[in-house]
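In the C-alpha cells that follow, the same protein chain appears in two forms, which are kept apart as structure 1 and structure 2.
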Structure 1
Amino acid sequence: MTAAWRRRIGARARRWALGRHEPARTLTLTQNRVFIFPTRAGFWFLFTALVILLLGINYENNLVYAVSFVLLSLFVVSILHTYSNLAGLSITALSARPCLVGENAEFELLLRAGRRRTYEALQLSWIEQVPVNCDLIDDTERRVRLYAPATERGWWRPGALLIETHYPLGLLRAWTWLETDFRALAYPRPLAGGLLPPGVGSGERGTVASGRGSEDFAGLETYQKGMSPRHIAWKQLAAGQGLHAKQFVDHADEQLWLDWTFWPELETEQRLSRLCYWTLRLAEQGVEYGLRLPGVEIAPGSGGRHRHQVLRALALHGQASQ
C-alpha cells in the first residue's frame, strides 16, 4: 500500500522534474536540477540527536546539550556536502549499442567533474534498474556503462536517468532525473522455428542453382520417403517435433533471400521475429543473405555491417525511421 503510494508520488515528482528541462546530449547539474531530502537514516539521525537533547535537558547537562547540537550542525553541514557531491557534474551521452528485445541495451555515458575535483559514491540508474556506482576521485572524467532491458522493437529509449548520492554521511539523498536523448536500436525478439521454404534462392543471379546441396545447413523440411537417412534431424525427432530432414545448400549457391511472404500464417511482429531468428542463424553460418520487406530490399551480403543493416530494417519496419 505505502510502497504503491510512494511509487506513484515518485513517478509524479519525476514527471514534474523532467518536464522542466529539455533533453540534451550534455547536461550539467545545477541547483535547479538537483533535489535534496533527508533519507530514512537521516531522520533516525535527527531522532538520535533529539534523544540526546532530552538526556541533556533531564540531567541539566550542558555538555550533553552540546553533543546534541554538534549532531544537528553536522546534519546541516552535510546538506551542503551532499549537494556539492552532485553539483557541477556534467553528463554526456556517448553511445548506445543495439540489442535484441528482452536483452540489455548498453549505453555509454561520460561523467565529467565540473567545478569540483572529486565526486564520490554516485549511483546512476535507469528507472527501476540496478544502479551502477561510480566515482570521480583521482580523475576528472570517467566513462560509465549502463544497461537497461529493451522492451520494444525499434528505437528504444530507456527513460529517465536517475543520478543520486548519499555521500558523505547518508543523512541526505541528493538526486536528479535526466531525460537524455539516448536511444538504442532494439531488434525484434528472435522467434525460433519455421523452415525456409525450399528453393528460396533467387534465380536471377543464379547463385542458388539448386535448392538441394550437401554442404551447408539451410533449414528443415518434412521428411519424405526416399530422402537420405543421413539428413534426418535426430535432435528435432527426439524433441517430439516429428520426422524432419535437414536441408543443405551447396557453397556455390549460398545466397538466400529472407522474404516477408515466407510465413503468411504469422502476425507482423511474429513474422519480424521469425525473420530476425533466421537472420541471426544465417549470419552465424556465414551464408550470404538478402532481405525483402514491403518497401525495403537489401541485397544479399554477409558480415557484421550487413547483418546490422538487415536487423535494423527489421527493427524499424513500420516505424518512421529517423
Structure 2
Amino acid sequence: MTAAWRRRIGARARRWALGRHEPARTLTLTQNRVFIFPTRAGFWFLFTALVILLLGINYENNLVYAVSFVLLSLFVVSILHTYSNLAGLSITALSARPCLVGENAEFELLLRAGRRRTYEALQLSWIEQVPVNCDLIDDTERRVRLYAPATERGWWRPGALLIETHYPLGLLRAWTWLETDFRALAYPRPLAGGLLPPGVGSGERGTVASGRGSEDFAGLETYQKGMSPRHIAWKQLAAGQGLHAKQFVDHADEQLWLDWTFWPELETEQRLSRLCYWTLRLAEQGVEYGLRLPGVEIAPGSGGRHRHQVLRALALHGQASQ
C-alpha cells in the first residue's frame, strides 16, 4: 500500500517537474532543474544531531555542543557538494538505434562537464529501468548508452530520463527529470510461419532452380534409356561423337516480392509481423526482395540499407508520421 502511494506521488511530482520545461536535444542542469532532498540516512543523521544538540542544551556541556555543531555543519556542507555534483552538467541526446518490438532499444547520450568541475557517482536511467553509473573525473566528456525495452511498433519514446546522485556521503539525494525528445524506431515483432506464395518473383533476374527443365540449353549428357527422343543431339551423333541428349534447365527468380495481400486471414499487426519475419529471413539468405503495402512500394534490393527501408515501412504502416 505504501509502495503504491509512493509511486503515485512520485509520478505526480515527475509530471509537474517535466511540465515546467520543453523537451530539448541538449540541456544544461541549472538551479531551476535540480531537486535535492535528504535520504533516509540523512533524516536519521539530522535527527541524531538535533538530539545531541538538545542534550548539550540540557546539560550545558560545551563538548556536546561542539559535536552537534560539527554534525550539523557536515550536513549543510553535504547539501552544497551534492548539488554541485549535478550543477553545470550538460546532456546531449546523440542517437537511438532501431530494434524489434520486445527488444531493448539503445540510446546514446553525451555528458559534458561544466568548467573546472568533476562529477562522481552519477546514475542515469529511464523510468523504472536499471540505472547506469558513471563518473566525469579525468575526462570532460563521456558517452553513455542506456537501454529500454520497446513495447510497441513505430516511433517509440522511452519516457523521461532520471539523473541522480547521492555523492558524497549518501545523506542527500539530488536529482532531475529530463524530457530529451529521444525516440527510436521499433520494427514489428517477427511472427514465424507461413510460406511465400508461388510465382512472387519479378521475372527480371534469376538463378538455376533445377538441373532438369525446359527453358535454356545447359549442355550435353550421355543418353540413357527413358530420355525423350526430342533431346537427342543429332549433330553430335552424325559427327561420330556418340549418342548424347541435350540438357535444359529452368530458372527461378531471385527477386521476390513481399505483398500485403499475403496471408489475408491475419489481422493487421500479425500480417506486419509475418512480413517482418520474411524480411529478416530473406535478408539473411541474401535474396533480393521488395515490399508492397497499401500506398507503399519498395523495389527489390538487398543489403542493410534496403533491409532498414523495408522494416521502416512496416514499422510506420498506418501511422501518421512516416
Partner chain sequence: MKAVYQLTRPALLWQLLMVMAVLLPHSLRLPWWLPLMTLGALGWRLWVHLGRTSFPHWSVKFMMAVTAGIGVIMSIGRGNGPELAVALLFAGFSLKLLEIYKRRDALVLIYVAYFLAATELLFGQTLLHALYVGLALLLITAALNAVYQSERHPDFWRPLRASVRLLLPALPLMVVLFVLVPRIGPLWYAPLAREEARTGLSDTLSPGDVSRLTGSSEVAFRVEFDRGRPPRPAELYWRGLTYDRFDGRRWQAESDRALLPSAQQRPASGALLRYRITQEPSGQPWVYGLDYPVAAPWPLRMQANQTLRAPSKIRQRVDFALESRLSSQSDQPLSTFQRQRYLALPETGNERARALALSWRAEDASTEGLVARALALYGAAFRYTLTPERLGADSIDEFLFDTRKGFCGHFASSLTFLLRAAGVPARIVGGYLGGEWNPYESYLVVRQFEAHAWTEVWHEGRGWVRIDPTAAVAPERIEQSAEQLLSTQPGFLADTPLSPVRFGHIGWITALRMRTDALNFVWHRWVLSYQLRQDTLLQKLFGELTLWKLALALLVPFSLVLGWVALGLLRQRRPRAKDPVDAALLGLSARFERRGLGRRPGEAVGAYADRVALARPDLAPLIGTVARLYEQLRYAQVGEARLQRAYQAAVRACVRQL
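Numbering runs along the sequence of structure 1, starting at 1. The shown structure was predicted, so the numbers you read here are calculated from the model rather than taken from an experiment. Take the two forms, superpose them, and find the largest set of C-alpha atoms that agree within 1.5 Å; that set is the rigid core.
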Form predicted on its own - structure 1 or 2: 2
L237: CA shift of at least 2 Å between the two structures after core fit? yes
Could you tell me whether the Cα atom of T261 shifts by at least 2 Å between the two structures after core superposition? no
